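You are given structure tokens for the same protein chain in two forms, set apart as structure 1 and structure 2.
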Structure 1
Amino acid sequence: MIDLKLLRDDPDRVRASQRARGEDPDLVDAALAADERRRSAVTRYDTLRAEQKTIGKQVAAAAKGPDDEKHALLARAKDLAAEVKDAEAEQAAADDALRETQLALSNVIEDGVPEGGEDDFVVIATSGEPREFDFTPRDHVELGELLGAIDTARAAKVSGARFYYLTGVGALLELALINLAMQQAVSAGFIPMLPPALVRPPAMEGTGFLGQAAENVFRLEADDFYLVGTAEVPLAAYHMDEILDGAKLPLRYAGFSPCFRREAGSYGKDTKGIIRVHQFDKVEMFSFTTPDEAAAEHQRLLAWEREFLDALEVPYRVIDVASGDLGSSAARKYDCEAWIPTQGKYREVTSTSNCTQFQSRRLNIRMRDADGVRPLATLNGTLCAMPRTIVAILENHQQEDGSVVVPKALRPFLGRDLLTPSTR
């Protein structure tokens, strides 16, 4: 949620952010008008309420006075009671209208974010060189079948398109990735979490997933629950309506959860294999910190993502995502994209976003320090999204006979150095 002080003091900055995102800058004027209506409503209510208290005292004092004076005061008190009730309702309606306009505004982007759409990112780092094969590499679907690791055909029979089974070494590979990711996160000071995958509307709305991202959210209408698309949602909402001790920040959590996405608007994209699916597992990092430390914390989250990808020995690049491709909550976002040999391009495998105070305002999470009580900053970062990470490992570490060399960091968790074609 946008800071009202920023909206009042520097509306041009908010308008510029809206334009850079490709969103409506007129929403800023709507929010300013709603803010003015609310302030007028508050002033009216406070004025009437003060008069009501004064009249109440006068009525008590006039109890033994002339009847005409007492009757006049009682009549005014009756009129005031109705006016105060109307003013209170007007203020409540103005509060709701202001909140609605604030919720419609996306976070203000950081200075320096590249402007443009999906293809206007800036590459800020690369790691490793794409491998030169002396044989024709197989894609992850064929490798998954050879290894007895991935079964999309039976998943389609059971659940439909964009679902999959991980079987045999495929299941073991995911479990190894989970354990490696959690070990790294705990070593870095994160508290491991297994959060709920079903959340109530305030949690989903508070994290910003019921705006532009709503079309990709699964909802259980009969029970008014949402299936989370990322552990970011329950981790962010964990401290909803709380005041945290500023001296104990940052608070860092690493959550493992199933994730569910409708993939609306992706018809015809990545229909083969497990790159774009409706359900997958993920280890997500989440940080609550002071606003002053948010930018530095963002760099730390990115460094932890890169450390994990380095351990998997896959080539990747880091991009600064353009303004028009940011989620509504992110002020800045970095993606790590792994090289996928059979596609001849980099594909996103992790991302990290600085959401500044946007989510904490919506979720009513504050901090207390020497400067008083105020909103804190929230940040998130994917440490390992299982399907795409498995794709990157299989394709980059494959051998001519269809076997796959296990990255050294995974071997203690997987208990083998090589994945070999299944004999089943």
Structure 2
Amino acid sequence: MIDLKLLRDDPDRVRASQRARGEDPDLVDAALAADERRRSAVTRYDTLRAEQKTIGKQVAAAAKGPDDEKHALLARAKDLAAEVKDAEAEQAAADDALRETQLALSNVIEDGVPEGGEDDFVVIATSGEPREFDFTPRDHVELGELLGAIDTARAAKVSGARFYYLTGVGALLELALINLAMQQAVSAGFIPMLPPALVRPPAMEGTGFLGQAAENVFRLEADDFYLVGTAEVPLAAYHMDEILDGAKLPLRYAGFSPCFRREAGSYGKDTKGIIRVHQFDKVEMFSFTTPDEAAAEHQRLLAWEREFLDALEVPYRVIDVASGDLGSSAARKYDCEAWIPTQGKYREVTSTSNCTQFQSRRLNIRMRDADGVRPLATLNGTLCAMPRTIVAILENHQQEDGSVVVPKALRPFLGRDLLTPSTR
């Protein structure tokens, strides 16, 4: 949710941000008008209500006095009650209208975000070199089959398209990745969390997933639950309606959870394999910090993501996502993209967003320090999304015979150095 003060003091900055995102700058003026309307409604209600309270006290005092005086007061009080009710309704309507326009506005982008759409990202780092194969590399679907690690055919029978079974070493590979990721997170000071994957509407709404992203959210209508698309939702909402002690920030959580995505509108994209699926597991980092520290924390989250990819010995690059391709709550976003040999391109495996105070305002999460009580900053970053990471490992570390060399960092967790084709 946008800061009202910023909206009033510097509407041009918000308009410019909207334009850079390819969103409607006129929403700014709609919000300003709604703010104006609300303020006059509040003043009217406050005045009437103060009068009502005064008269109420007079009625109580006159209770023992003469009848005609009492009746006159009561008559006046009745009229006033009707007016108050009317003013209250108008204020409530004005409140709702303002909130609606406020919610329609996306976060103000950070200075330096590349302008443009999906293809206008800026590559800010690359690590490792795409490997030269002296044989024709197999894609992860074929490798998964050879190794007895991935079964998409039976998953289609049981659950339909975009589902998969991890079997045998595939299952073990995920468990090893979870443990490696959690170990890294914990030694960096994160609090490990296993959050709920079903949440009630306020948590989903507060994290901003019921806006443009709503069509990608699974909903359990009979019970009014949403299935989370990322642990970001339950981790952000963990401190909903709380005031955190400024001295205890930053608070960092590493949440492992299943993630559910409808993938509406992606028909035809990545239909093969496990790059784009309806359900997967992920270890997500989440930070609550002061507004001043947000940008620096963003860099730290990116560094932790890179540390993890480095440990997996996978070539990747880091992109600074362009303004038109940011989620509505992100002021800035960096994606790490791993090299996928059989596609000949880099594909997103992790993503970290600085949501500044945008998300905390919606979720009503604040901090208290010497400067008083105010919204804090929230940031999130993927540490390890299992299927895409598994794809990157299998494809990059494969050998001619279909075996896959296990990255050194993962060996203690997997208990083996090499995955070999099985005759299952």
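Here the structure is a predicted model, which is why all the values come from computation and not from measurement. Throughout, rigid core stands for the largest set of C-alpha atoms superposing within 1.5 Å between the two forms. Quick note, the numbers are simply positions in structure 1, starting from 1.
Only structure 1 is derived from the form predicted on its own. When the rigid core is held fixed, the Cα atom of Ala33 travels less than 2 angstroms between structures 1 and 2. Once you line up the core between structures 1 and 2, the Cα of Lys53 ends up 2 Å or more from where it was.
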